[in-house]
Ligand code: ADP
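Only one chain is included here, represented as structure tokens and corresponding to the form predicted on its own.
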Amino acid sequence: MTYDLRFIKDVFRKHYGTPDALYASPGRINLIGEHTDYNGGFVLPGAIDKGITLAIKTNGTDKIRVFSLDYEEAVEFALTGADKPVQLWARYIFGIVREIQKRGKTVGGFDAAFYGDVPLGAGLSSSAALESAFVFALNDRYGLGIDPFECAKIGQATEHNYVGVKCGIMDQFASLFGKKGHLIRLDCRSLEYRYVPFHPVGYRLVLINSCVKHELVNNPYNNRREACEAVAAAIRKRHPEVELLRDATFAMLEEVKAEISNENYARAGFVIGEVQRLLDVCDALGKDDYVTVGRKMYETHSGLSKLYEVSCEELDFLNDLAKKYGVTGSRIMGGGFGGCTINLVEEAKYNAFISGAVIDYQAKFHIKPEVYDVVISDGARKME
């Protein structure tokens, strides 16, 4: 993101005067590791160069006043009281303040203005970028001494308690812990992490948004999770050490094949394979072996489509287009049933891929897909 600090200062001045400080927090991508989080596995996110820019100033009152340039809307709420704002975007800020207070920390009234260039609904975690910007800014402005792990948990709790989204911690973690030129291998069970170098010289990361989100019936996300838990329970009878599918092997899965449905067998097979694929990708990145990274991305897409069954016609078509235009790696990014593919593209093939994919997709579905180039960047930070 090109953080236009003069611009956000001007916006702030129109509403609240001169800001005390400026902050920024990014959205994120996840290179590989889908549906592994609730199975205790690994994910491989990275902060990106698209995010939220925030100007803030303490106001000496018991009121919080915030202007969103994206929605061209202002809200005001009290430091105390249970009535959350009507506007969804404001509930994230309300929740951050309340979750900080729950932890025995004190913040005063403040004025803030923000804008972002994280595309909404594209799976780049615009909500986590907003949460992380505010928790980072308030922690800094008021000297609260909250460590970054707890800041991520505050963002996650905001989603759970004030927005109603039972998300994992990956999005907030990536937004706060992001490091330029590195992805983060996060263990979703222990929350241990390490930075993995990402230096794709001669390649570009690009997302293609299908611009569709299919209506989901019978809560397929919960169904997938229940399937994984059922298989883990079946394996645990023979192998008590298997707490989650992350602990299982293909050999263990074969032992219980006759006891579980074909559908659950396929779901579990994808997850066990995905855990290993992520580790293989980390090894390949350590060697700058982006051909192997790309091959593993295609394997993940195939598994998400055929075994986990969370793809859709549009996403499979985009994946096929990537193969057609010689893209090194491509897969669904996110929960599925719509949204984006993430693509690792050689520089020499980039223009032909983008122009061809847009034309071919629009001809097929009568929808123009959106294209987002992303660069792995730093996490939340103070700008001045």
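Just so it is clear, the model here is predicted, and its values are computed rather than measured. For every residue, the number given is its place in the sequence shown, counted from 1.
In what follows, reference is made to the form predicted together with the named molecule, a form of this protein that is not presented.
Put simply, residue 258 is far from the named molecule in the predicted complex: not one heavy atom of it is within 4.5 Å. When the named molecule is considered in the predicted complex, residue 294 lies well away from it, no heavy atom lying within 4.5 Å. Contact check for residue 305: every heavy atom lies farther than 4.5 Å from the named molecule in the predicted complex.
Residue 340 falls outside the set of residues with a heavy atom inside 4.5 Å of the named molecule in the predicted complex.
This chain is displayed without the named molecule, yet in the predicted complex the stretch 65-73 from 65-73, 36-44, 353-361, 317-325 comes within 4.5 Å of it by heavy atoms. Within 4.5 Å of the named molecule in the predicted complex, a heavy atom is found for not a single one of 193, 195 and 275. Of the residues given (94, 89, 177, 203), 89 alone sits with a heavy atom within 4.5 Å of the named molecule in the predicted complex. Contact with the named molecule in the predicted complex, judged by any heavy atom within 4.5 Å, is made by just one of 137, 130, 208, 152: 130.
Residues of 302-331 placing a heavy atom within 4.5 Å of the named molecule in the predicted complex: none.
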